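Below you'll find only one chain, the form predicted alone, shown as structure tokens.
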């Protein structure tokens, strides 16, 4: 293979100066020719390490081989054998730290663009109007899935493919969870999520909305009164964390959760067509440097803020967001105030944000996360002008479902205690995703949902065999 052939195909994108004014998808996707060229870079290892890095164990070499042969339909079949949401994963999964990190080609060159090829195949199949997955013969047992986010949807799809009658109970008015309320349109178009969910309906999955577990119905009632053989809890981590500093209750302070929900799920970016405006000032400060912080900052740019600044207490090397998202944010004009942390949000006489009192930091020794610990510099206090503050420092579990389930073991943070297969302290009750691990990635939640589906199948099968004897 020549050096030219080993060059990774670039992803076509909107121009930064154009895209910062719209909510259209930034990455435009590979053409057929680009996809075939990129797929041809795969050397088809005898022991494909890339699969080891995939939480849902996608048949990566197989689907890529099919793309290289222009058998896109065959690639879709291979892809969906293991992944129920490929069009979503191809867009938001951090492949650079998972499957692509394991790619042998990446040792001396750039790894194969597995995620981009996954997106291409999924988009190609959607364009054909067909699904590569068909419903399975019915097994006669019912399973309840609580939460229609990545973990719940994956668990539901896997169980439906095994022949179970699956009902998903979702507290919101639509399915998708963080895919719908958290990730902006310019990174993950909601039409794509809707199409993936339509594929689940084709499998026979029943989606019930506006059902709050712990209020509308309990886990115990589902199992003892409604005849569900097992329950999967995938309620995520949607409760925002705050810093606990003075001024967080001022007008103009948002949690990233609220800000992105108003913009994405409630269509605030399409005001006045939708009556859910998001009031921003001229200068927006976003606290945090993860993917959610980048999403909030880039959304603020598109909503018309004149100056948007990421405020982070460590350096750029420690920022947990994907490198691609950081690069896109910089291209779109987001500024970065690093080694800085606010200690107070200052308000005006009307109770609105007008500034933040901050401290400068330096990095000390690594902490438990492996990142160097930020240490405040004495007498470094300064005031930063801002009229909107968005707090994006993580989320925790909503306690409504867990607190209403007697006998369900929780850890000190309120997350459900479950083993690798998703088994909890209650027989027949399984859990996975952010409600177990804390806030993590979409693909890790999907992997947990898939493992739990396998464990649920084993549990129900064993119970049926015991009853037969």
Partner chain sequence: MYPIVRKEILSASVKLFDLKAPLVAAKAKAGQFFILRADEKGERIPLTIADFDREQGTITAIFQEIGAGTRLLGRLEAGDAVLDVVGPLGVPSEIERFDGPVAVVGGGVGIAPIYPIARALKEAGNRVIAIIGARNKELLFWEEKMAAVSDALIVCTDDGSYGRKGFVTDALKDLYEANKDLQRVWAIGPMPMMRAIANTTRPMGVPTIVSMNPLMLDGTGMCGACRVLVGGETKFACVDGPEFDGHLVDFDLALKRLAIYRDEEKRALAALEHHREGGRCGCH
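Positions refer to the first chain, counted from 1. All of these numbers come straight from a predicted model, not from anything done at the bench.
What follows is about the form predicted together with the partner chain, which we do not show.
A heavy atom within 4.5 Å of the partner chain in the model of the complex is found for one listed residue only; from 333, 277, 189, 106, this is 277. Here is the short version: of 340, 199, 398, 309, the single residue with a heavy atom within 4.5 Å of the partner chain in the model of the complex is 398. The putative spot formed by 411, 415 and 422 is not touched by the partner chain in the model of the complex; no residue has a non-hydrogen atom within 4.5 angstroms of it. This chain is displayed without the partner chain, yet in the model of the complex the stretch 218-226 from 218-226, 282-290, 379-387, 84-92 comes within 4.5 Å of it by heavy atoms.
A residue is said to contact a partner when one of its heavy atoms sits within 4.5 Å of a partner heavy atom; residue 238 meets this definition for the partner chain in the model of the complex. Of the heavy atoms in residue 249, some are within 4.5 Å of the partner chain in the model of the complex. In the model of the complex, the partner chain lies farther than 4.5 Å from every heavy atom of residue 367. Contact check for residue 266: a heavy atom falls within 4.5 Å of the partner chain in the model of the complex. Scanning 254-289 for heavy atoms within 4.5 Å of the partner chain in the model of the complex gives 254, 255, 257, 258, 261, 262, 266, 271, 272, 273, 274, 275, 276, 277, 278, 279 in sequence order.
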